[in-house]
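Before any questions on how it binds or moves, here is one chain, the form predicted alone, in C-alpha cells.
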C-alpha cells in the first residue's frame, strides 16, 4: 500500500488526502492546527463552474478563455482546460458531500458575477463558501480516518524534505510536543501549505501561511515560479491584527466604488470602464484605487437590508464587528491589500515538481492563474489540483524507503539546538516586521527598478544576520528555524520582479509600463549554494 505524506490540511490538502484514500492509499496529513483553522475557511466569494443551469451564452470554452485572458496568456492552456472542464463534476461532488450552496427558487445553484469573467458562473454558499467546503471535506476525511486510511499529525511543522538524487522520500517534521525533529518516509510527498502572507505582514490571509516551506524547498533544489505576480485585492478594511476581506461578492451583487469630490460622489471605475467597471480584474481595480490618492468607498446600501442579509450576511457581520459599520445604511471605506499569490512552487501538469515524487497543490503551487487569478478560481484549483496529484501518485512507482536518514535528522537536531542561547539583538519578530515593511514598500501595487534594488539590498542584510539569532525559550524553535527560509523566499520574489522588465497582470512596473512579447512566459527561479538564477520558461518545461 502506497504511503502519501500531505503537508497542509486546508481544502487542497483535504482534497488530495480524500482522493488518495479513495484509491486505497495510506495518507498522513501533517499540520500545526486542525483543518477548521486553515486559511481555506476564510474564502468567502465562491467557486467557478459552468453547471447545467449556466447563464445563457456561457460555456466551458468561455471559462477557459476568461481564465487564460485574466492570466495574461502565461498559464498553460492544457492545464487550464483540465481545470475548467472538471469544474461541473467538482460542484456535483461537493453537493453530494453536503456542501450547502445558495440556490434559486427552482432549486438550481445561484451564480454571482466576479471580476474578469464574461458570465455569472461563481457558485457560492452565502458569504461562507470556504467554510462550507472545509466542513464537507472534513466530514468525508473523517470517514477514512475511521477506516485507518487517513491519519492526522497535528501540532507538527515541516522542517525540510528528504531528497536524494533528485527524488523525494519523505520529510523531516518538527514535533511541537516533544520539541524534537523526526523523519517520516513516504512514497510521495504533497505540499499544500498555502501562500506566503508573512512576507507582507498584515494581509487578508492567515500568517500561518508564512512561505517557509516554499523557501526551504527552494534551498533544497526545488524550482519556484512567477513569484512576482502578487494579487492585491482591491477591497479590504484594516483592523489591528490583519486586513479583512470585503469579498468581491459585494461588487458581484452590484456594489459601486466611488470617491468624494466637492461634496459629490465620483464613480471612477464606471466613468473609466463603463457599466461593469466595478468588476474589472483585481489588478486593474487596485491600481485605479491607488491612483485616486483618496479614500475610496464601496456602497451597497441601495440593495436593501433584506437582500444584503440574505446574500452577504457575513460581510455585514464583519463590518459591524470590526468597524462598527452598518452596510445596509453606510458605505464601506476600502483599500487594496495583498490577497493571493499566483507564484509559488513550479509544477508540471500532473502537479509534480522538478523533484521526483514531490508534488505541490493549492495556492503554494503555480500553474493555473498565470499573471492574475480570476475570483472564484482558487477554490476550484485547490480541489482539482488535489485530484490531479492523487491520480499521478497512483500511477507512480513506489519509493524505496530503506535509505538511512540519520544524517539529515542529526543536522535538524543540531540546528534546533543551536537556536537556544542568549537573546539576539535581532529578535525574529523584529526582523519579520522589518521584512514586511520592506516588501510592502518595495513590492507594492506599482514597482520600479530603484524600489526593487532597495528591497533586495534590505533583504540581503536581513539574511546576513538571520543565523545570529538565538532564543532562551525552545518553544520559539519554529520561528527561529523558519526565518532563513522565509527571507530566502522574499529575496527570490524581489529578484523575479526585478528580472521581469515589463508590466503584465498583477506585476506593474512604472519604468516598464507595457507588456512585451519577450516576457510572454513564466519566470523560473532556482537556488544553488546561496546563488539565485532566474530564467524564462519559454520551452514550456512545466506547463503545456
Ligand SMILES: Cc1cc2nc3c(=O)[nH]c(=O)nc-3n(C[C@H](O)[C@H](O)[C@H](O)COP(=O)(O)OP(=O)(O)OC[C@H]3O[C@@H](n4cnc5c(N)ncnc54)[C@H](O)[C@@H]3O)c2cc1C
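What you see is a predicted model; the values in this text were computed from it and never measured. Residue numbers count along the first chain shown, from 1.
Although it is not shown, the form predicted in complex with this ligand is what the next lines describe.
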item	value
Listed residue that, although this ligand is not shown, lies within 4.5 Å of it in the model of the complex (heavy atoms), from 496, 49, 44, 490	44
The unique member of 200, 158, 169, 368 whose heavy atoms fall within 4.5 Å of this ligand in the model of the complex	158
Non-hydrogen atom within 4.5 Å of this ligand in the model of the complex for each of 17, 186 and 385	no
Listed range touching this ligand, judged in the model of the complex by heavy atoms within 4.5 Å, from 81-89, 403-411, 204-212, 218-226	204-212
Residue contact check: residue 508 to this ligand in the model of the complex, 4.5 Å heavy atom	no
Contact test in the model of the complex: residue 478 vs this ligand, heavy atoms, 4.5 Å	yes
Distance check, residue 30 to this ligand in the model of the complex, heavy atom within 4.5 Å	yes
Partner proximity in the model of the complex: residue 362 to this ligand, non-hydrogen atom cutoff 4.5 Å	yes
Contacts with this ligand in the model of the complex, stretch 173-204 (heavy atom within 4.5 Å)	192, 193, 194, 204
